[in-house]
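Next up is one chain by itself, shown in structure tokens, the form predicted on its own.
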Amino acid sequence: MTEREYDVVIIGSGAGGGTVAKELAPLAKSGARIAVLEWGPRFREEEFTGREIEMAARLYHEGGGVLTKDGAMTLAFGKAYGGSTVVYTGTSLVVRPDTVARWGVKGLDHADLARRSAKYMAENNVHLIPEEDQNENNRLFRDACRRLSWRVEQFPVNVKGCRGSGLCNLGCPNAAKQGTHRVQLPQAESAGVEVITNCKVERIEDRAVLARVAPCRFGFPSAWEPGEHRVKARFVVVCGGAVNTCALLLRSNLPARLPVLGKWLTTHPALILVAEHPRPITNFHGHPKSYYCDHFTESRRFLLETCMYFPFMTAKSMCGFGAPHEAMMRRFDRLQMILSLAIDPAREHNAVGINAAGEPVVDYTLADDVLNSLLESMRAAARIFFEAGAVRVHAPATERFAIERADRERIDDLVVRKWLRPGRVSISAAHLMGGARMGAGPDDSVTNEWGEVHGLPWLFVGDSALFPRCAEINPYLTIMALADRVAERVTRRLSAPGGR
């Protein structure tokens, strides 16, 4: 085993880890030793091929096919230099004041998060996509929502030089998406922060981590030789994403009382909904996510967003098989898609655990209120599709494969709870949040408002695991804002007399 020593070790390189690394870069420039340990590889530019099955296997944990304990929901999260910022669409929204108020974390206020979010919007070139660059998949959604008098807003996105390949979820092949792999990590490395790829942290000890570097299959070789490494550190910041962060902390047997570790997980359970138009529409070409409808956020607890997925993902998201399924897939150039997200409550029993091997197990129950939100979202999406001119809509909670336009006035009769059953309908987790929630003390939380783990002043969490409840929007910017706070606290500690 190789022994190493650093001032700060950051575990994970996504929205949380990349942000912390960049914010600690001035310390590295002044001589502090800082390392980022990333489980996934750093890909060469030519390795972003845009081929769906190939890139899913390379960029996602288990190819994006991680399942909850009961098999009812798919979990997808990235595994690469840049984490999930490599595979998300770049949507960049500031968390709402009412959401922060519902979180109820003393010492955490919306104005502070908004200020920090604005910094990263500027760094990441966040802007609105011009009208002339939006495809029909997005414009049809926007115009239909407006005709229905439903509130619809445009997503700001973090792209630069976007060529409209539509491959955001497979790693942009044109280097346009400004994730941490394009912005924060290179800045950190230029100041002297070391990024070690292909490096899985097995467990955390007292001011140290045990990690294993795997041989390189894709991308650049790791900066460390394959094998086991024990890394001492004055501070450790865990940013592995909600599932892996909680699993790592659980299998580390930390010397602190943390009874709620892993609990209160939220996921924004999601459905991909599909409709067919009578003519080809521009769907696959162009940025896939330009608009969202939050008209029903408060009343029915769901969001609707534009999206466009690839053939395999689309095929597996539709219920049924045989001729109707084949016929719709053969008309792929005519398909419009909507992603529906349930705003799920935080519940103690929805939790990340570990199995005998120490690997994560997500125990999440799709409760009736969440399923009802998804049902209502399907009905709303069907109305948008038909208002946009679709001839048939595939809404999974129906007895038949598709609702024809002639039956568009009977949506509530056809889309019913009876057919919305976990296992029958393909439900995925859009945004994994919680499990190491912020709060006042260990009885109901894992960290304080600065991400410091209760009872362990050298250990921090700096990712979406910190969320006490769901973000109620796409969480990317909020993760960065919270990670910015964590980096500020670590900087103060490291700069204090004695650096403790």
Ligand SMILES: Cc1cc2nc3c(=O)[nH]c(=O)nc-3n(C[C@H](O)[C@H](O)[C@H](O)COP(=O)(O)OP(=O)(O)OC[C@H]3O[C@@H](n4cnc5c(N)ncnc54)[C@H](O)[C@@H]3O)c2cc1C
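Residue indices: 1-based, along the sequence shown. Everything numeric here is computed off the predicted structure, so don't read it as measured data.
One more form of this protein, predicted in complex with the ligand, exists but is not displayed; see below.
- Partner contact region in the model of the complex: 237-245, out of 395-403, 316-324, 237-245, 217-225, criterion any non-hydrogen atom within 4.5 Å of the ligand.
- The three residues A15, V201 and S464 all sit with a heavy atom within 4.5 Å of the ligand in the model of the complex.
- This chain is drawn without the ligand; in the model of the complex, the residue among Y364, F77, Y291, F386 with a heavy atom within 4.5 Å of it is F77.
- Out of the listed residues S377, N124, S84, T266, S84 is the one that sits within 4.5 Å of the ligand in the model of the complex by at least one heavy atom.
- Proximity of N474 to the ligand in the model of the complex: non-hydrogen atoms within 4.5 Å are present.
- G40 belongs to the set of residues with a heavy atom inside 4.5 Å of the ligand in the model of the complex.
- A residue is said to contact a partner when one of its heavy atoms sits within 4.5 Å of a partner heavy atom; R408 fails this definition for the ligand in the model of the complex, lying far away.
- Contact annotation for R251: at least one heavy atom lies within 4.5 Å of the ligand in the model of the complex.
- In this stretch, 166-188, the one residue having a heavy atom within 4.5 Å of the ligand in the model of the complex is N169; the partner itself is omitted from this view.
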